[in-house]
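To begin, one chain is listed below as structure tokens, in the form predicted on its own.
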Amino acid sequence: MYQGVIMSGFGGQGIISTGVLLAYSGMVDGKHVTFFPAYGAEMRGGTANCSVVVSTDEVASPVVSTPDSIIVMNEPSLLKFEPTLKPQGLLLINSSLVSSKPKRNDINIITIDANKIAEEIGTVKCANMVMLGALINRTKAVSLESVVKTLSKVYPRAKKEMLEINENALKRGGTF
């Protein structure tokens, strides 16, 4: 099993920490992982993306040039990363912030109103967890149990209530 993932959006949407969470969860599941962040000069509001590989075999490179799956949290990310997705790959789009339609018809597309769902759960800050839950449900790259178990490790300063909100967001995303 090999799953190369790119997550992309604005700084402040939790893109980098979501990548860390996916990679850490892969380790908890006993898989080989890599994590490679990239972000613009501005932390909040600038662009941020990361590559994560989760594999049952050793990983040769942390760079994911042709991803199996992409999480797109904003419009510029769709434009930048859609062309790189493998044929039959999975494109998860946060339709709360992305109004453009993908141009390709050889990929699997799931649109999720992640910001709206996150607000219903308790805070827009967990939109990234909604998207991660959907990714996990569709790819089975890691187990939901490992992600829930890892939340407090990746977010050590988070209050119990916020960890519960994130867990709920992951589970809600898992319905897609």
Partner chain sequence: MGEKKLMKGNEALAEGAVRAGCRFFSGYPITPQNEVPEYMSWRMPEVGGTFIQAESEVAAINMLYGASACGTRVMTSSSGPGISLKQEGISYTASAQLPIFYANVVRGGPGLGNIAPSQGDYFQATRGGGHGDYRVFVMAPNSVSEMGNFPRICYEVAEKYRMVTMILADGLLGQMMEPIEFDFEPIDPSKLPPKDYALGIQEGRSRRVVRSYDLKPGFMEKHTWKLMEIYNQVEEKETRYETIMAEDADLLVVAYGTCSRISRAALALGRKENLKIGLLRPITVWPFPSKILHDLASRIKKILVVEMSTGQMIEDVKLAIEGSAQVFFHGRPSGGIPTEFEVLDVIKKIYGK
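Positions refer to the first chain, counted from 1. From a predicted model like this one, the values you see are computed outputs, not experimental measurements.
The discussion below concerns the form predicted in complex with the partner chain, not included here.
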Hey, in the predicted complex, does Ile165 get a heavy atom within 4.5 angstroms of the partner chain?
no
**Report entry** the partner chain contact in the predicted complex: Val33, any heavy atom under 4.5 Å
**Finding:** yes
**Asked** Does the partner chain get within 4.5 angstroms of any non-hydrogen atom of Tyr24 in the predicted complex?
**Response** yes
Would Thr56 show up as a contact with the partner chain in the predicted complex if we use heavy atoms at 4.5 Å? no
Taking Leu79, Gln88 and Leu135 as the candidate spot, are all three within 4.5 angstroms of the partner chain in the predicted complex by heavy atoms? no
Of 119-127, 24-32, 104-112, 140-148, the segment with heavy atoms within 4.5 Å of the partner chain in the predicted complex is residues 24-32
Contacts from 59-88 to the partner chain in the predicted complex (any heavy atom within 4.5 Å), listed N to C, are Val59, Ala60, Ser61, Pro62, Val63, Ser65, Thr66
